[in-house]
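Heads up, the chain below is alone and in the form predicted on its own; it's given as structure tokens.
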Amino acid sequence: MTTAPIGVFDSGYGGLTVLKEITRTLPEYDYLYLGDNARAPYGTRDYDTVYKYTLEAVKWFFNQGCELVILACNTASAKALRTIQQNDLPALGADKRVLGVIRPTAEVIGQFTKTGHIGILGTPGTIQSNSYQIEIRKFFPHLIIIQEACPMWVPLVENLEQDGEGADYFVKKHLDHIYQSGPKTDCLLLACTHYPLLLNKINRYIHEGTRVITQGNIVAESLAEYLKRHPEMAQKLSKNGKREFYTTGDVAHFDTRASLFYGENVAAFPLQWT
């Protein structure tokens, strides 16, 4: 039987927090998840490397029958998505689609602030790209945006130290920077899909009245709306409620950690780039 799952890509585990919300919102579709754990993290890599790795993943998804791929990775969305959409998709398949997580978030972020001051917390790659600044200003040009790169947050999560004392230090440090630069900040966007696992620590150090925004629900709702607007795509996608997981890293290692992000046990297949 021919299948056409929705592909969901991340440099590691973080995209599973997005996949969890997508499958909750759209459970009928088939999903194929790939974590490029062997080459993670992407957040400190240069544009050309992130683009190369992301394009390789997109091609793999298309070869597996995916018609639609979600880059559930902020760094890949910031550094590779536009180039792939504009330069590569015409040759790979003009009827296929690759979507990211930045645009859906930028479209709604202004709804969550009363003061008009928001903070963006992300990897160095995402912050340096200024992708959020650019996209948010298209929809909410009057917002005051404070950005903060958090280079240690992903390693903390990937090494299961999100509840340790070291996490307290690094979480407080970067939240303090945000508030020092923008005392009126009342909305914090976690612009990395790993960061929801640090919510316990983040909530400990945020100022009263601050709202913390994660991306899973936003991306899931945006995807549901996209499929309503594009029934021709929805009709091509297979609907058997099937989920498959792949990792370029160690499978046992992936399965152990993936369950923390996805909220369910995961049994991944290995993938080695040729």
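Residue numbers run from 1 along the displayed sequence. In this text the structure is predicted, and so the values were computed from the model without any measurement.
As for the form predicted in complex with ligand DGL, it is not shown, yet the points below apply to it.
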query	finding
Proximity to ligand DGL in the predicted complex (heavy atom, within 4.5 Å), stretch among 83-91, 67-75, 141-149, 172-180	67-75
Heavy atom within 4.5 Å of ligand DGL in the predicted complex - the one residue of T185, T123, S131, T105 that qualifies	T123
L156, heavy atom within 4.5 angstroms of ligand DGL in the predicted complex	no
Ligand DGL contact at G249 in the predicted complex, heavy atom, 4.5 Å	no
4.5 Å heavy atom contact, Y42 and ligand DGL in the predicted complex	yes
